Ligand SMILES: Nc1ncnc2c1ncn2[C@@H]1O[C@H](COP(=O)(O)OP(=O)(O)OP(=O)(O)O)[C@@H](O)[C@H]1O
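Encoded as structure tokens, the following chain is the form predicted on its own, with no partner shown.
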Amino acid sequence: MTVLALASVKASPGVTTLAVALALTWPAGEGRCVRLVEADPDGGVLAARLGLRADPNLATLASASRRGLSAELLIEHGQALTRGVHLLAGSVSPERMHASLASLRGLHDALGRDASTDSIVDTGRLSPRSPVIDLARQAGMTLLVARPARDEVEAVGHRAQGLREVGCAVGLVCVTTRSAYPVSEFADAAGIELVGVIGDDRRAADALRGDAALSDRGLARSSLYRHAADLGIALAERLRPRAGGRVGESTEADRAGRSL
């Protein structure tokens, strides 16, 4: 299994949108699934955004797990997003999310016990004081998602250093346009490894948020999906424990079949 955490430092760089795109394009392979975990302490938006039920969610999971977490409970309190992709949604209430995440200290271990499922976790604005920091610390990698602007460098660099000090393996994904501050310079100035670049594809992002119409084929051909698929392949190769062999790449047909 792989557990990958995504986080932001400030502003709205599109962490949740990227998490959804990664889940839908992740190279899971035959017999494997992907779990998208919405662990943002500020509250969840994905159930409403994706037209799913408000519960079950992380709050109902926390209530049901007082005697211990299990892979079966994770399945029971999740919802099917599309073929091979399951969502463990966040509660819309920040208060319930903080309480739930504080009580789910064993969430990473429970995710890890399901060897056939990779997990992509949206941790929101992550700091060393976040109630989800234990999960980020145990994840294979924590990706800070940022837009490369000169006034963001110091904040991203400071946060990356703080997360490293508490044991997180930190990388950077930049969401960028052609006119943005060069991503390599941004990463070097922030002192953080550049893991990937995602184009600022507003039309595809709006479609994933439910704010615009785009066909499955159009979404699969979008730069957001193509960049997310390339990033997912690289991350799966880097993070997934395996005896040998390559992770199968997602074809355009695979991505279209797993679209919303």
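Fair warning: this is a prediction, and the values are worked out from it, not measured in the lab. A residue's number is simply how far along the shown sequence it sits, counting from 1.
Separately, the form predicted together with this ligand exists; it is not shown, and the next lines address it.
In the predicted bound form, no residue of the candidate spot (27, 113 and 240) has a heavy atom lying within 4.5 Å of this ligand. Residues of just one listed stretch (55-63, 195-203, 230-238, 29-37) have heavy atoms within 4.5 Å of this ligand in the predicted bound form: 195-203. Although the partner is absent here, residue 22 lies well away from this ligand in the predicted bound form, with no heavy atom inside 4.5 Å.
In the predicted bound form, this ligand sits beyond 4.5 Å of every heavy atom of residue 98.
Looking at residue 163, you'd find every heavy atom of it more than 4.5 angstroms from this ligand in the predicted bound form. Within 4.5 Å of some heavy atom of this ligand in the predicted bound form lies at least one heavy atom of residue 147. Contacts to this ligand in the predicted bound form (heavy atom within 4.5 Å) from stretch 9-25: 12, 13, 14, 15, 16, 17.
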